[in-house]
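Only one chain is shown below, in structure tokens, and it's the form predicted on its own.
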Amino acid sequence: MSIGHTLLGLLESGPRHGYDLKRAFDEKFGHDRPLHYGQVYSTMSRLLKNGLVEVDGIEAGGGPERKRYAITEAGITDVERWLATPEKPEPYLQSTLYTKVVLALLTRRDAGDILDTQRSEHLRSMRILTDRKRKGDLADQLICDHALFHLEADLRWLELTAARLDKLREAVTR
């Protein structure tokens, strides 16, 4: 996820302080990975330097000055371009799990155990996500569905690989 573009998009509704941006980000996108304040302020500094935001005002308070940021026309254009650019699908061609299975076969270990352990871990993760989905709002349900669909695809791969272990062993140990 592009944090800079996400913060820019959040600014399109109006100027905000860094604290408000962090809170909005965490509420909408950061359930599992909330932003650190330092990350927000370093990103805003970079966006300011690149002309994508401007300081709309500075407020003095009991602590450090609070800058209010506003998105510029260049920032709006940048968000539009980012939103219109499709994300590259992840083909998972260099999977760590695949590497573990092949190494197990090469070293005469039980690759089936690796697949079984991974299957158990995937099922555990799916139960957690299903519970979260059941309790969540629509946004949480959609993000959980995305993760669950990926885990389901992984489970299909685990089953297929388990069924082909003998052939894979022959292919990699020649």
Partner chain sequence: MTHPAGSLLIAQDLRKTYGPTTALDGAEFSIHPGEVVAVMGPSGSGKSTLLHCLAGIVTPDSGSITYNGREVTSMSDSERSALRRSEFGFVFQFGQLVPELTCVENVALPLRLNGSSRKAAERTALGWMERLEVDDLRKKRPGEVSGGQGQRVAVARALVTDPRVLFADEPTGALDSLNGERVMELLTEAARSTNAAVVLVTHEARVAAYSDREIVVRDGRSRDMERVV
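Residue numbers count along the first chain shown, from 1. This is a predicted model, so every value here is computed, not measured. Whichever C-alpha set is largest while still superposing within 1.5 Å between the two forms counts as the rigid core.
If you look for the form predicted together with the partner chain, you will not find it shown, but the lines that follow are about it.
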Seminar exercise, completed: in the predicted bound form, the residue from L106, L48, A70, L123 with a non-hydrogen atom within 4.5 Å of the partner chain is L123
For this session: Name the single residue among D56, D26, D116, D140 that comes within 4.5 Å of the partner chain in the predicted bound form, judging by heavy atoms.
Result: D116
Exercise. Closest heavy atom of T130 to the partner chain in the predicted bound form, within 4.5 Å or not?
Worked result: yes
For this session: Answer yes if any heavy atom of E152 is within 4.5 Å of a heavy atom of the partner chain in the predicted bound form; otherwise answer no.
Result: yes
For this session: Decide whether G112 counts as a contact residue for the partner chain in the predicted bound form under a heavy atom distance cut-off of 4.5 Å.
Result: yes
Problem set entry | Close approach of R134 to the partner chain in the predicted bound form, 4.5 Å, heavy atom | yes
Exercise. Rigid core fitted, is the C-alpha displacement of R124 between the shown form and the other one 2 Å or more?
Worked result: yes
Exercise. 2 Å or more on the CA of H36 between the shown form and the other one, with the rigid core superposed, yes or no?
Worked result: no
Exercise. Comparing between the shown form and the other one on the rigid core, is the C-alpha shift at K49 2 Å or larger?
Worked result: no
For this session: Tell me whether L83 and E152 end up closer or farther apart in the predicted bound form, going by their C-alpha atoms; the shift is 3 Å or more.
Result: closer
